[in-house]
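Below, in structure tokens: the form predicted alone, a single chain.
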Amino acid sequence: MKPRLTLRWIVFAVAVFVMNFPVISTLVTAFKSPGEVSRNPSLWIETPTFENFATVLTTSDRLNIYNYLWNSTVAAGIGAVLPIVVAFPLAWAIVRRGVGRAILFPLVVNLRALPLIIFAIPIYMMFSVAGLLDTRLGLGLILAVVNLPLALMLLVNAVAEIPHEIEEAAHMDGARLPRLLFRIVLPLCRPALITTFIFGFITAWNEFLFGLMLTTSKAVPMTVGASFFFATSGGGVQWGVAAAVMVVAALPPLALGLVMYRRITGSLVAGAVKG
């Protein structure tokens, strides 16, 4: 039994290392000097340095990572919260009233399967007319549209898990629809709401296409702004700086996912086993 257990752990460790090798390599490169990056491609760091992080975190007129972080935070916040606001009452109407169950619900969910690039031209034209180009609000709105199918699917499943008898009892006690939704159903959906927000925030934070297409200077998100740190004046790539800025860009969603990990897993398995 022990050799089998040992072999299992070895296989697990190898699988973890292989799947996370790009992340490990990026993290190691971030602590190497430019000279060491060129002569030492291994995962071993001869002389650790924080020079790359100092370069990234030092503000300048052209490159300001704090602005990029703030833009991403605002846009991702809008892109995570707005779908919940729209999808929650719609999910209740789909489950309890059957509104749009046959057409609207499958249509909205299946929209996420389409490549986002096909929406690029019409969205750019609409945003240009509406004055939303290069604004945090405009970027947040399109990120909300991207997250809406996932939010609707998660919340429909969450509402469907709530026993209908609870709502019937509240209705018999005189609860009107707004009170029923926001005082009874909403608290019961809290785990799903948290999961929806986390997935939506991470998805919005990592979105690159619309950030590149809809912003130029004022509302550039972190995913796009990170690419500005790569090139040198001579046309080469600062691999150490590039790795450092990628590490910084990955920290907010990584921290959010780690802090809320238990809530995510608890929500995903809720209702999977019924007694």
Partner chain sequence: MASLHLEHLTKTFGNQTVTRNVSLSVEDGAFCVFVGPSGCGKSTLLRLIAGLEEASSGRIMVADRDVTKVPAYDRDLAMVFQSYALYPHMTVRDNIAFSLRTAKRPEDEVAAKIAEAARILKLEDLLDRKPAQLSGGQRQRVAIGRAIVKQPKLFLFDEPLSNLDAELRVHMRVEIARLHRDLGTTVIYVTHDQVEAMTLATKIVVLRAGEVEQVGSPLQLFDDPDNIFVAGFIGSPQMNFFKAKHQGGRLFATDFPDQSCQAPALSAALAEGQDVTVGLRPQFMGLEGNASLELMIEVVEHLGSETLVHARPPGSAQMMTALVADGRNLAPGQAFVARFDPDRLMVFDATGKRLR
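Numbering follows the first chain given and starts at 1. These figures come from a predicted structure and were not determined experimentally.
Not pictured, yet referred to below: the form predicted together with the partner chain.
Participant: Wondering, does V81 line up within 4.5 Å of the partner chain in the predicted bound form on heavy atoms?
Facilitator: Because no heavy atom of V81 falls inside 4.5 Å of the partner chain in the predicted bound form, the answer is no.
Participant: I'd like to check something about P187: if you look in the predicted bound form, is any of its heavy atoms closer than or equal to 4.5 Å to a heavy atom of the partner chain?
Facilitator: Output for P187 is yes: heavy atoms within 4.5 Å of the partner chain.
Participant: Is M172 close enough to the partner chain in the predicted bound form to count, meaning some heavy atom within 4.5 Å?
Facilitator: Flag for M172 set to yes.
Participant: I'd like to check something about A130: if you look in the predicted bound form, is any of its heavy atoms closer than or equal to 4.5 Å to a heavy atom of the partner chain?
Facilitator: Judged by the heavy-atom cut-off of 4.5 Å, A130 is well away from the partner chain in the predicted bound form.
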